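Here you get one chain, nothing else, as structure tokens; it is the form predicted alone.
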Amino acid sequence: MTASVYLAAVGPEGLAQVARLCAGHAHYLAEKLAELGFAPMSGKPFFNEFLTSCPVDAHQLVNRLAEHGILAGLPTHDGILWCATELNTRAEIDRVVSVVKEVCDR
């Protein structure tokens, strides 16, 4: 029911805009993380979730981000799964990247 109300409220154009924002934010985050050594684990296209390597202990990174009130990616056995949505702003993504950089520089 909730999904139906949401889809009716945003309409087809709104849904397309939400999709563009999700993909754009995720790709921006992926680019910024790649600059810090978080290499994509796949060369395949992605929408709003992507898996990267993690040059530091993933659990330590997630905990550090949590200390800053940031819900981080999901640690995996060989990397970290990241996600961005239409609700994430560039400023929020830049803040995530800043904390990630701080952890990596230690």
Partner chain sequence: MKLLFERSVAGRKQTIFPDLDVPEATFDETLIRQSAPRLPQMAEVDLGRHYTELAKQTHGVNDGFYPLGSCTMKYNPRVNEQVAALPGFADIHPLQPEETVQGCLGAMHELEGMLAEICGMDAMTLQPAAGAHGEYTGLLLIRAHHLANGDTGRTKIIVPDSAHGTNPASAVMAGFTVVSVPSDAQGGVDLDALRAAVGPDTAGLMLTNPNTLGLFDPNIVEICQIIHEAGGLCYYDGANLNAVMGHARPGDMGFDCVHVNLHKTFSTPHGGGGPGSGPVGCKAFLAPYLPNPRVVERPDGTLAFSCDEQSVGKVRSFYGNFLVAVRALAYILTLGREGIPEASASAVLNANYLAHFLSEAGYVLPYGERCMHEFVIDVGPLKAETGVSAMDVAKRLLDFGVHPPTMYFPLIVHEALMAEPTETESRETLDEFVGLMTGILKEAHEDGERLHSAPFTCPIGRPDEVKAARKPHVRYEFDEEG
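Residue numbers count along the first chain shown, from 1. None of the values given here were measured: they were computed from a predicted structure.
The form predicted together with its partner chain is left out here; the points below concern that form.
Using a 4.5 angstroms threshold between heavy atoms, A34 stays clear of its partner chain in the model of the complex. Residue contact check for R64: none of its heavy atoms lie within 4.5 Å of its partner chain in the model of the complex. A residue is said to contact a partner when one of its heavy atoms sits within 4.5 Å of a partner heavy atom; T89 meets this definition for its partner chain in the model of the complex. Within this chain, L71 lines the site of its partner chain in the model of the complex, having a heavy atom no more than 4.5 Å away. Residues from 5 to 30 that approach its partner chain in the model of the complex with a non-hydrogen atom closer than or equal to 4.5 Å are V5, Y6, L7, A8, A9, V10, G11, P12, E13, G14, L15, Q17, V18, R20, L21, A23, G24, H25, H27, Y28, in the order they occur in the chain.
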